[in-house]
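Just one chain is shown here, as structure tokens, and it is the form predicted on its own.
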């Protein structure tokens, strides 16, 4: 008799639904794709396709049609009632005849990432999507800019995924599929797991949040975004090295797993926090740590808007639940990490921590206050920024030389 898992069920209540074939079936599908007309896809679409391939977007079977797009944008539900907070769509320059099969071609990777059997083509009100999903139409918002740059038509249909985009080769064991994280949780005997979403290296505040979760749960999955970021964010390889060093030096063994996933950031704030919970449920996580300005950018969202949105969705929306964390900081008076809920001291005794603040200090070669970040992590990040400064100086010198 098969062992019953104690992990949360995949989203939708069924089994994981990876859309990438294996073995001979994959080789055959790749050969077939070479004969098809190509549809160029963006980096964001490629990341979404990989997530469909590994089961991260279970139970979706492809890119959304108009009814699903409308339902997700307006009510965070597909046409058949499945909770889904952000539309997963594919764009094209022109309408495509239903029944047409296309190869989805990532020009940057020079790779056919998958195929789609087109079920419909439709046009959308991009501004409406931006207002509902991002709460702004400001094209300075990177997510809005991404949507407004989409092509004129959306193309829907079921997909067959043919590539993982080079992520396993680049990141090795850190790139884990939902089936792999679930197997690892089972192996370790974990039933309750908090996902810690990050696109930044972890400073002391992040470390504190993860350790608070460990006080009440079996383990923490530090789950880093490996796809594209906005300019100025720290690259995934540097971030991964810094996080691995933090885990090795400051966490008890067998309490934390570091892994990565292939999406580009959308910077959709509260809506993206919900998407993070949806696919973390597929990865087997019972909880998602939701801190200050989760998945935000600039001043487009309130610091705890992502907390409130979890209260607005129905109880049937998700099995994965939020661990809502207040603003955390180092308190000189308490001589420890603390939060707004636990610290009795005045504001002037608090060292407020943020990834953007740390990046600013490092990029401007300013001193980083004591207790902001662990020294081993700071050393890795300082070397990264020193390398950027050296490269920039060499570039300027070369340009000056060529101008002479």
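Small disclaimer: the values here were computed from a predicted structure and weren't measured. Positions refer to the first chain, counted from 1.
What comes next is about the form predicted together with a further copy of the same chain, which is not displayed.
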Check your understanding: in the predicted bound form, which of the listed residues (171, 300, 251, 304) lies with a heavy atom within 4.5 Å of a further copy of the same chain?
Key -> 251
Check your understanding: Here the chain is shown alone; which of 271, 182, 141, 204 has a heavy atom within 4.5 Å of a further copy of the same chain in the predicted bound form?
Key -> 204
Review point. Thinking of 88, 223 and 286 as the candidate spot, does a further copy of the same chain come within 4.5 Å of a heavy atom on all of them in the predicted bound form?
Key: no
Check your understanding: Does the 4.5 Å heavy atom contact test between residue 325 and a further copy of the same chain in the predicted bound form come out positive?
Key -> yes
Exercise for review: Verify the contact flag for residue 186: yes if a non-hydrogen atom of it lies within 4.5 Å of a non-hydrogen atom of a further copy of the same chain in the predicted bound form, no if not.
Suggested key: no
Review point. Would residue 216 count as touching a further copy of the same chain in the predicted bound form under a 4.5 Å heavy atom rule?
Key: yes
Review point. Using 4.5 Å between non-hydrogen atoms, is residue 330 touching a further copy of the same chain in the predicted bound form?
Key: yes
Check your understanding: Counting only heavy atoms and a 4.5 Å cutoff, which of 340-348, 40-48, 66-74, 25-33 contacts a further copy of the same chain in the predicted bound form?
Key -> 340-348
Exercise for review: Would you mind checking 174-213 for residues with a heavy atom within 4.5 Å of a further copy of the same chain in the predicted bound form?
Suggested key: 204, 208, 211, 212
